[in-house]
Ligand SMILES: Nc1nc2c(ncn2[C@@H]2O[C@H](COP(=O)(O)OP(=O)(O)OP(=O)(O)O)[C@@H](O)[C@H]2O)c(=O)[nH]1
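What follows is one chain in C-alpha cells, specifically the form predicted alone.
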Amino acid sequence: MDFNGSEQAAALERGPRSEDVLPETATAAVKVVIVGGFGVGKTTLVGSVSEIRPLTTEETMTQAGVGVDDTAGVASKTSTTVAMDFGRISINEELVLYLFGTPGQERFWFLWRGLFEGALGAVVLVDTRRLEVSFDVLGRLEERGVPFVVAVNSFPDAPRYPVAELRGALDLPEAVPIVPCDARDRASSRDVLMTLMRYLQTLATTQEAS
C-alpha cells in the first residue's frame, strides 16, 4: 500500500503497530529466501503468510521489459518485484522467520548475492505450466549450497503431476521435499515453511551424526 507524506508522518507519530513488534519471547531468528521464476507467486506467498504488513517492491511493468522478460504463461501480469519482498512470521514463541522474496527476472539476479547472504534455507516456488523457468533458479541454489524445499503453487489451470514425475523433471535428489502449496492461503504457505524447518533440522541432525 502506498502512503502520501501526511500519512507517513501520522504513522511515525503513532509508532509501530502492536502486530509489527517482535515478540519479547523470541530468542532465535532465521533468514529464509523465497525464490522462483518470474510470476510463480513469491510476492503472494510472502504477503499471505507474513504477520506484519509486508514490504514489497512491486512496480508496474513497462515497455523496458518487452523482449527481455519472459512473460510466456503470465501475459496478464501487470507488476513485478524489482528488488525484494520482506515479511516475518513467528513459528512459535521463540523462533521467528524473516522472509525475503527475490525478483524472478534474470535481469535482477545480481541482487541475489546480497539477499542470500546469511540465509539458512530457501523455498523454491514452481508453476507446473512453466517448469523450465525454475531450472536456473535451482541450479543457482545448488551452486551456493543453500538447502531448499520445492513448493508447487496450485494455479487453477495448472496441470497436476505425481511427485516422482516432478522430481525427475526438476532433477531433484530424493531427500529434497516437494510439497503442494496455495500461495494465497496463509495456512498452506505456513505449512511450506514448516516443511523447510523440518528439512533443515534433518540435515543438521545428519551432519552431527556423521
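The structure presented is a predicted model; accordingly, all values stated were derived computationally and were not measured. Residue numbers here begin at 1 and follow the sequence given.
Omitted from view is the form predicted in complex with this ligand, to which the following refers.
**Q** Just one of K31, R167, R53, R184 has a heavy atom within 4.5 angstroms of this ligand in the predicted bound form, so which one?
**A** That would be R184.
**Q** Is V40 close to this ligand in the predicted bound form, meaning a heavy atom pair under 4.5 Å apart or at it?
**A** It does: once this ligand is placed as it appears in the predicted bound form, V40 has a heavy atom within 4.5 Å of it.
**Q** Considering non-hydrogen atoms and a 4.5 Å limit, does this ligand approach S154 in the predicted bound form?
**A** Yes, contact at 4.5 Å.
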